[in-house]
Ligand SMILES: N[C@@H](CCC(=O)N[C@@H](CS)C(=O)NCC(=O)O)C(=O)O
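The form predicted alone is given below as one chain in structure tokens.
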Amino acid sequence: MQPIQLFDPASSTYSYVLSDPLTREAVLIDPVDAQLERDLELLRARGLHLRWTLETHAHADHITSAALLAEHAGARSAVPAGCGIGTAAVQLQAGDTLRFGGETLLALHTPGHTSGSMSYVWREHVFTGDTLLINGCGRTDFQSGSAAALYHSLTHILFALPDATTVWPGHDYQGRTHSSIGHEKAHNARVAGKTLQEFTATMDALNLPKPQRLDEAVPANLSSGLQHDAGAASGGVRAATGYAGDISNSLAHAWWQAGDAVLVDVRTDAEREWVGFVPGAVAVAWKQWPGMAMNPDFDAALLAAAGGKKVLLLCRSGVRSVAAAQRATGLGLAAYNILEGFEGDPDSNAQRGHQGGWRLAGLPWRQG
């Protein structure tokens, strides 16, 4: 079984779709925001249900579409725990697994390009992000990079996989699509046959230019691709940089029932109709596409709903509600993100000991 390899020409980024042929559940590794429509069309054309988006690290050369895919495809986001991507539904540790249908994907912590970088093993394939490239490897001169950590990740973790394992890199700039562990172990110009000292000297001598989108991409990717950099262009409102906090759905329900807060559902009307809704919650849809960080209609509706109370933001999986909480804070409101969202995920909840989404926790809701 082969992954579907997709390419973004602007950043030379490879994304990958893996799927279970029986259930049609799928995973999308390292999605790119500029390719959102392409990816949604591929899912539709192949009849796939996107269960997970997955990052190998917090990218510096493109912006992820993880938050957009949560909104438009119902996906949940999983990320390496060491990357600081606080908006993700699941923070992966070394050795964790993700399930999609009858398939299982294994997380390997492979730091060096960044301190939190991960690679993922699926069947006889490994998806290496920027850790291992074809005849190369990722740079180590920013984002907590470390040549020593990368050398260990390459030689002790990835090269310990079977030689026949297919390597699917996060980038290639010469049109190459894949390699193998055995080939890279024997022929990779950066690391094959080199000592740690030789490898470190090679990396220190690269002297590469700063990635063009570094200052824009990294902050956006730390919030699953949501951007909050439009300044005060909309009515002089300051840009949101944080919010009051994350709370469990049980605490949110208690505050709401006590009359101390307003519960705001930021999902679309279609989502509430298809999946279910919370009776009495205020519906104020948050729809964010790249470059559309300010939405005057959302602002007005949210301010009207708040009525001077704390605002509790609920979405499908807990991604959009973070962005909405940040925006509400920028409007001067005391805003809280409800963890796990409306649906949550049974597998990840059991694995992490989480309470689960609003409806899984037994709180009031109705079928749409």
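In this text, residue numbers run from 1 along the sequence as written. On a predicted model such as this, the values are computed, not experimentally measured, just so you know.
Heads up, the form predicted in complex with this ligand isn't pictured, but that's what we're talking about next.
Participant: May I ask you to check whether L208 falls inside a 4.5 Å heavy atom distance of this ligand in the model of the complex?
Facilitator: Yes, L208 is a contact residue.
Participant: Are any of the heavy atoms in Q212 no more than 4.5 Å from a heavy atom of this ligand in the model of the complex?
Facilitator: Yes, Q212 sits close enough to this ligand in the model of the complex that at least one of its heavy atoms falls within 4.5 Å.
Participant: If you check in the model of the complex, is E184 within 4.5 Å of this ligand, heavy atoms only?
Facilitator: Residue-level check for E184: no, no contact with this ligand.
Participant: Although the partner isn't part of this model, could you tell me whether V126 comes within 4.5 Å of this ligand in the model of the complex, counting any heavy atom of the residue?
Facilitator: No, V126 sits far enough from this ligand in the model of the complex that none of its heavy atoms falls within 4.5 Å.
Participant: Mind telling me which stretch in 72-80, 253-261, 116-124, 167-175 gets its heavy atoms within 4.5 Å of this ligand in the model of the complex?
Facilitator: Looking at the other structure, the answer is 167-175.
Participant: Could you tell me which one of A281, L133, A107, A220 places a heavy atom within 4.5 Å of this ligand in the model of the complex?
Facilitator: For this set of options, the contacting one is L133.
Participant: Here the chain is shown alone; which of D299, D61, D33, E343 has a heavy atom within 4.5 Å of this ligand in the model of the complex?
Facilitator: Exactly one listed residue reaches within 4.5 Å, namely D61.
Participant: Scan 119-156 and note down the residues that get a heavy atom within 4.5 Å of this ligand in the model of the complex; none is a fine answer too.
Facilitator: Contacts from 119-156: D130, L133, C137, G138, R139.
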